[in-house]
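In the block that follows, a single chain appears as structure tokens, in the form predicted alone.
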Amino acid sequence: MANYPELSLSVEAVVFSYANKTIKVLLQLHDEKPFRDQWGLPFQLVKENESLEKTTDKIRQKLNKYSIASGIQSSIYSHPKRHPKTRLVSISMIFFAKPHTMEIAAPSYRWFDLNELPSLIMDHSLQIKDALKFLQTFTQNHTWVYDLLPDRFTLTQLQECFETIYGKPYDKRNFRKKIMSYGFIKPSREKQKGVAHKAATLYFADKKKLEKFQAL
């Protein structure tokens, strides 16, 4: 059982993945009291001699089997009664995982559809909702979207991902014109495989140009 002081600090991870027009979130079946056998977000307590950055690295390493991309700090949660054993203040970090990681089997972790979440510990259901709303505010710098997509994707898959995240349709022609104008989406020499319709060209995000766009 974890030893909680009067005031504790934690980093809590909201890990999103995307496939087939569906956003999923990674949940952990916790094995320590007071949350034993309950679902919630993965989290890591900050030790007295550690920084938040060190703790964030720890939770990223713990989840590295899911190819976690760099995190985005979204919100702080500090309600006095949110934890039954201590005054727990939590930093919510958003991470992203590629679609193939949803096939990874792990006894204590499971991907859940956002519309089919189980009962969660503390305020974790609120954190998930807040994290998605937070991401939806990034309408200009949306480079994190590519952390959710396969390394090679069609423009249709890209548009569907945007539509799922932002909850609205986009005009196909205008969407493609705007996306290509950023200069970091490049066509590859590959095409879709195993599809009944005409195979579409696969594209990729140029990492160097993407990093420059992120820095703007």
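Numbering starts at 1 and follows the sequence shown. In this text the structure is predicted, and so the values were computed from the model without any measurement.
Keep in mind that the form predicted together with another copy of the chain is missing from the display, and what follows is about it.
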- request: Counting non-hydrogen atoms within 4.5 angstroms of another copy of the chain in the predicted bound form, say which of M122, I128, I91, L135 makes the cut.
  value: I91
task: May I ask you to choose, among S181, S51, N64, N174, the residue with a heavy atom within 4.5 Å of another copy of the chain in the predicted bound form?
output: S51
task: Answer for I165 alone: is it within 4.5 Å of another copy of the chain in the predicted bound form, judged on heavy atom distances?
output: no
message: I'd like to know if A205 sits close to another copy of the chain in the predicted bound form, meaning any non-hydrogen atom pair within 4.5 angstroms.
response: no
- request: Answer for I23 alone: is it within 4.5 Å of another copy of the chain in the predicted bound form, judged on heavy atom distances?
  value: no
query: Taking 4.5 angstroms as the cut-off for heavy atoms, does E6 touch another copy of the chain in the predicted bound form?
result: yes
- prompt: Quick one: which of 27 to 35, 165 to 173, 40 to 48, 143 to 151 gets within 4.5 Å of another copy of the chain in the predicted bound form, going by heavy atoms?
  reply: 40 to 48
query: Using a 4.5 Å cut-off on heavy atoms, which residues of 72 to 88 contact another copy of the chain in the predicted bound form?
result: Q73, S75, I76, S78, H79, P80, K81, R87
